[in-house]
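Presented as structure tokens, the chain that follows is alone, the form predicted on its own.
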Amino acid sequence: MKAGILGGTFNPVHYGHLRAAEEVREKLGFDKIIFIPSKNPPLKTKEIAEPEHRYEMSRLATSNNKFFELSDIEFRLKGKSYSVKTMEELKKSSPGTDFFFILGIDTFLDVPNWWHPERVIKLTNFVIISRPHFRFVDLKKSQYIKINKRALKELDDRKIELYTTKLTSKQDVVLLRVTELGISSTEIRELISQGKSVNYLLPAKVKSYIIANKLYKS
């Protein structure tokens, strides 16, 4: 069993999240993608909707895809929602599953600033996906991955779609090009607060839920 892990605040979840998850699953042959909404993000701000709302929006967005699974694991763990605690619990509950943590290039480069980053790197495999305004060659800055610049450039130049190697922790890491939809949760929240349309940025069910619960209003 191979499972991709897509975690985040999902504030709100949108087509960028969903399309990336679908392409990772299909291109890498994963059995499922597990969405994990963060209950208590370490860097919580007043713009983050209550966890129950974000969980329900994620449920609505993923419910019609049989390969997508929604996990409440971070709602069952106490304290801040740290990735290392989540991965430890996942591995304990599903010992026969190969987990791959899905991160954008920008987020992977921020891993050194996470809580106990060295433990996270040893706990799981990774899939690093393309992101708007970031290049794979930027990964040369990472202390956790050693890749020749030629392979990174070929990914950036679209000569290859994926590249598989090892992290310094010996875990697998796949660098993968996906469709880069320039959609952000921040942009969606701003549009909603201004009373503007968010059609075609997120699923209609999620939009209806936001309206019904008066979320992100200024």
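Here the structure is a predicted model, which is why all the values come from computation and not from measurement. Numbering starts at 1 and runs along the sequence shown.
If you look for the form predicted together with a small molecule, you will not find it shown, but the lines that follow are about it.
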Note: exactly one of 165, 40, 184, 193 sits with a heavy atom within 4.5 Å of the small molecule in the model of the complex, namely 184
request  = Kindly confirm or deny that 53, 60 and 206 each have some heavy atom within 4.5 angstroms of the small molecule in the model of the complex.
outcome  = no
Is residue 94 part of the interface with the small molecule in the model of the complex - any heavy atom within 4.5 Å?
no
Original post:
Is there a heavy atom of residue 98 lying 4.5 Å or less from a heavy atom of the small molecule in the model of the complex?
Top reply: no
* Asked: Would residue 112 sit within 4.5 Å of the small molecule in the model of the complex, counting heavy atoms only?
  -> no
- Query: Is residue 104 close enough to the small molecule in the model of the complex to count, meaning some heavy atom within 4.5 Å?
  - Reply: yes
Counting only non-hydrogen atoms, the one stretch of 155-163, 63-71, 176-184, 25-33 within 4.5 angstroms of the small molecule in the model of the complex is 176-184
